[in-house]
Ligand SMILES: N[C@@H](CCC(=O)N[C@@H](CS)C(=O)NCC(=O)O)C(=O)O
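In structure tokens, one chain follows: the form predicted on its own.
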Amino acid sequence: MKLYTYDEAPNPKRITYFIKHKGIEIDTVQIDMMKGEHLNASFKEINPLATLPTLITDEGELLTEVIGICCYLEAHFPEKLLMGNSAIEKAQVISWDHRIFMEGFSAIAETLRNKSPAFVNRALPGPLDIPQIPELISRGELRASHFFTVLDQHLASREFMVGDSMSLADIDALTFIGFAKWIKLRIPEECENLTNYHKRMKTLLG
């Protein structure tokens, strides 16, 4: 299999943490998004969506979504399970992955892509040129700021997001915290649970 990625970007970073924790070795190609390499015709021949990460499986199938890539890798490399150890945990991991993406990642992206000059006409990822909407900036900041509180409350009496071990939900929560810095948001001082959790996850995931 071959992984096309860009380690500095948030969605690719989720895969980086995932394969690092599992100890998986994958043939990897870095596509520099800052230089717009993901928009080049040569890469669009591989992934018409022009998004990263992109995995070409051993069967020659194209996977373009993080959750799909993780499910595929979990099935092929079941050591150190990261998608849950039981039916309920699997459901909870997927549920939290969805919430973190919709309430956290998308809020930050909404702010960043509608504010930064680097994303003029690139307000949404993908093959289409989408104009920025400045009115969405403050809404994105509000949503992202609130999600810190959501995570802090969830972690009030637990060490991990789901169950008693590391999961993709933890990887996503850690990546959200790092991604928030792109719009100059930090964990609020009053969110002590999340602050302590962040320290633990940085130690575990590096």
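Residue indices: 1-based, along the sequence shown. Not measured: the values here are computed from a predicted model.
From this point on, the text means the form predicted in complex with the ligand, which you will not see here.
In the predicted complex, A169 stays away from the ligand, with no heavy atom inside 4.5 Å. Remark: L155 does not count among the residues lining the ligand in the predicted complex, judged by a heavy atom distance of 4.5 Å or less.
Proximity of V66 to the ligand in the predicted complex falls within the 4.5 Å heavy atom cutoff. The ligand in the predicted complex is not approached by L194, whose heavy atoms all lie more than 4.5 angstroms from it. None of A50, I31, I177, M161 but one reaches within 4.5 angstroms of the ligand in the predicted complex through a heavy atom, and that residue is A50.
The partner is not drawn, yet in the predicted complex one stretch among 131-139, 73-81, 115-123, 87-95 has residues with heavy atoms inside 4.5 Å of the ligand: 115-123.
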